[in-house]
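Shown below, as structure tokens, is a lone chain in the form predicted on its own; questions about how it binds or moves come after it.
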């Protein structure tokens, strides 16, 4: 339970008092902070509505003349809300947070280049090395071609992540002996997304450098 710093009402932890509407600044998980069910598949429109509604209700400017404890609660609640929104609106960040909620992390085995991406990484590095050395139209074309391939692979990984989310949500209400399999799948696709995102950033950086030369 938490006590409202404005009306002293005792209630379940929340960002906003159910009695007077004052900020509570409770430390909540990110789904609860946005008053969303703890599900990996999120309606973007619902997320936006929840965030903007709570932002208006909790904004520190509304409590500028309030007692210090209420101002402090507003700042804590706003920080928690902002973190929740930024994390949950990004599917990869949402997946990493899901692991965190369950006491998991990607771990050392998921920091290595995924085996199925090794050939793509090697070929991309070759094309970028050619671009650094030559700056020719052919080298530029090769780098742009690799960018299209990496972008397509990233889109496919995003679809795989959405499918993993759907499997989690479908089994959320029942005991499931395949949880470890789903965790392994989630870690694998998050690792793939991280590598592809980095690879895409490297390509864009080299292409920008080539254009500026």
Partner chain sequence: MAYSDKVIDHYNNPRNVGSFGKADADVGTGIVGAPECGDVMKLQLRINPESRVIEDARFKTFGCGSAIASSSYVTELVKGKHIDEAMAIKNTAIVAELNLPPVKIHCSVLAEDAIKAAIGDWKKHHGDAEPAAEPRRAREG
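These numbers were taken from a predicted model, which means no experiment stands behind them. Residue numbers count along the first chain shown, from 1.
Only in words, not in the display: the form predicted in complex with its partner chain, which the text now covers.
Among 90, 129, 138, 100, the residue placing a heavy atom within 4.5 Å of its partner chain in the predicted bound form is 129.
Residue 113 belongs to the set of residues with a heavy atom inside 4.5 Å of its partner chain in the predicted bound form. The closest non-hydrogen atom of residue 125 lies within 4.5 Å of its partner chain in the predicted bound form.
For the chain shown alone, residue 16 is not a contact residue for its partner chain in the predicted bound form, no non-hydrogen atom being within 4.5 angstroms. Taking the partner from the other structure, its partner chain in the predicted bound form has a heavy atom within 4.5 Å of a heavy atom of residue 198.
Residues with any non-hydrogen atom within 4.5 angstroms of its partner chain in the predicted bound form fall in just one of 82-90, 115-123, 69-77, 139-147: 115-123.
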